[in-house]
Structure formats: C-alpha cells, structure tokens
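Only one chain comes next, encoded as structure tokens, the form predicted alone.
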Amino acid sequence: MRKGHLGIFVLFLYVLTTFVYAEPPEVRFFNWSDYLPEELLERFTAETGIRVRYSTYDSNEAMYAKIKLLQGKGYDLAMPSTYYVDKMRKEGLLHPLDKAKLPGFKNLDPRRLDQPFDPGNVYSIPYLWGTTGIAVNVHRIDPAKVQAWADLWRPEFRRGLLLPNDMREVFFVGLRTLGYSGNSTDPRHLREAYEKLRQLMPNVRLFNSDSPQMLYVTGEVDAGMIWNGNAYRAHQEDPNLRYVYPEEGCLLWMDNLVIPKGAEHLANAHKLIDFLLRPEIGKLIAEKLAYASPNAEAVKLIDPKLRNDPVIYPPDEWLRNGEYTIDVGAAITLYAEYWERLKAGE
C-alpha cells in the first residue's frame, strides 16, 4: 500500500474509532435523595441523548462541603435550599444562569421569584417550595391549644415533641417566638433564643429529619415541627394528624436548581433545567413528592385534590408572616455553638 493511501486509511480508522468509542454527552446532577422521579431522568435521556450521572446527598451541609472542596467543579447541577443558595452565590461557587436558554422560565409563578436569597434569580431556579409548621395529633391533643410556636412550651407536651435535626429551623422557632427575625445575627437575640429553647428541651422527645411523618403516624410523638409535604402524607395515613400554620409565622423554604461555578457541561445543564420547567414535568414532580410547585402552568394541571389542599397550597394571607432563611454570615458560628450546647443539654 502506498504511503498516501496508508495515511488515509489510518486517518479513517482514527475517525471511526473516535466515533464508535466517544462517550455520549452527559450532565452531572447532585440532588437530595428521593427528590426526583427516576423515570423523568430516563425520559430526558431518551429525548436528548444526554446521559444523567446522578448522585445524592442528605443535607445542605454535605452538598456544600463537596462542592466547596471541588471549588465548584465536578457537578453541573445541584439543589441547595434558600440560605445555601445565598451562601454559595456570595462565595462565588455558582455560575450565572443564561435565561435565553431557559424558555420555560416564563412558566414560573412570579410570587416564587426574586426572593432575598437570590434577587432577580441570577443563579437559581425554584424547584419545589413549602413551609415548616406544626403537626398535632388531634385525637390526643386539643387542636385549640396548638395555634402558635409558643404553644409548644406547654407542660402537657413533656417528652412528646418532635423537632427536626436542623439548626436553622429550630432556632427559627426560638427567635420568632421572641418576636425576632428567624435570620437574626444579633448575639443578644441568639443568646435569648438559646435560653428560650433550653426551656423547651424537657418537652422534646427527639430530633429527627428522616421521614418524620412516621413518628406521628406510629404515635411516638403527639406534636412538633414538620414540613408541610410530610404532614400531607401523614394525614393520608392518619386523619387525626393536622397541620397548623403558626400565628408567629411559618418558616418558608424552597429548593432550587443551580449550576456550580466549575460545571463542565453548561449547555446540557440548561437543557435539563428547561426540561424540568415543562408544565407536564412539574406536574409529575409535584404529585409524586406532594410538595408545592413554583411552576404556575404546572399547578393548573395538578390533581385538584392536591392543588386545593391548603396544607400544600396555602392562601397568601397564611404566608404573610412567613420568612425564608438566608445566609447569616459569620453569625453561623454562634448558631452552631448554641446548637451543640442545646443538643448536649447544656
């Protein structure tokens, strides 16, 4: 074979081998456990040819630590909650979104946008939102006695309450009961909240954030804090479980899609976000997980039984005193110190 033909043949083999063995396009998604119906990832891949490399975490802290360690690299999408969006954008760990690549952004409810943790939604897209309020078993507890966070201090709740294993949520209750913002950074407020929560500890049976609704259903606790979606699911199993929006204001939360700063597959990340913004996809997610969708067009498609349940979709007036958690900066050290002392019984 002449050299010219040999060179062409070698080039042909190289191109063929590269074509055959080239890895398919991908997007790396870091998400909460059990927080996205698996069939949706399969559908996305079938439609786009983009493989989703999916991994999970069980806390904002774990997600943040991993992305911080990798300096914003390693993942193309993540799902932080409100104050971690705030923290990560301030630390330069997030990539700005290209709204031109997100035509589905128009489907979002304006009431769920432009929140204090990300003004203008420069870095985040709301995925699901909800509230933290009070659960009470009305078979054993008079619901008229549980209308406010302050009612959790009643002596009849001794060793009967459940609190989440979440520092910011528990301190939110202490701060709001005292009339302060749940995001206070004032050392005096934090000290008062700690002392107030110390008085609550005799009523606390345990701290738990892992399927907390089951502890209400099995009767291990009579009342306590709970996320509204968990309360909705618990009520399906035990109609005696009621969800209360506290008079001092509920805690508002939102989980959000973000692109880490060092994402290697930006175009694919935007494609997956826009896929999740489709109304029919938002409907499937909200119905499967029983949390509120921020997608106004998706809400129109949701089963009326869920859509009209005020536990999941409360009227605006019930949320008027609600508050999102935001990053508290250096004050987090003081929060953490008091949290450890509180759980240690000091």
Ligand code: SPD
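Residues carry their position along the shown sequence, with the first being 1. Every value quoted in this text rests on a predicted model; they were computed, and no experiment measured them.
Unshown form predicted in complex with spermidine (SPD); subsequent notes refer to it.
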*Only one of 248, 222, 151, 255 has a non-hydrogen atom within 4.5 angstroms of spermidine (SPD) in the predicted complex; which is it?*
255
*asked:* Between 32, 29, 64, 44, only one gets a heavy atom within 4.5 angstroms of spermidine (SPD) in the predicted complex; which residue is that?
replied: 32
_Within 4.5 angstroms, counting heavy atoms, which one of the listed stretches 87-95, 187-195, 259-267, 166-174 is next to spermidine (SPD) in the predicted complex?_
166-174
*asked:* Taking spermidine (SPD) as it sits in the predicted complex, is residue 137 near enough to touch it, meaning that at least one heavy atom pair lies within 4.5 angstroms?
replied: no
*asked:* Using a 4.5 angstroms cut-off on non-hydrogen atoms, would residue 227 count as touching spermidine (SPD) in the predicted complex?
replied: yes
_Exercise: residue 147 in contact with spermidine (SPD) in the predicted complex, heavy atom 4.5 Å_ = no
*Classify residue 81 as contacting or not contacting spermidine (SPD) in the predicted complex by the rule of any non-hydrogen atom within 4.5 angstroms, answering yes or no.*
yes
*Indicate whether the candidate residues 60, 209 and 291 are all in contact with spermidine (SPD) in the predicted complex, with contact defined as any heavy atom within 4.5 Å.*
yes
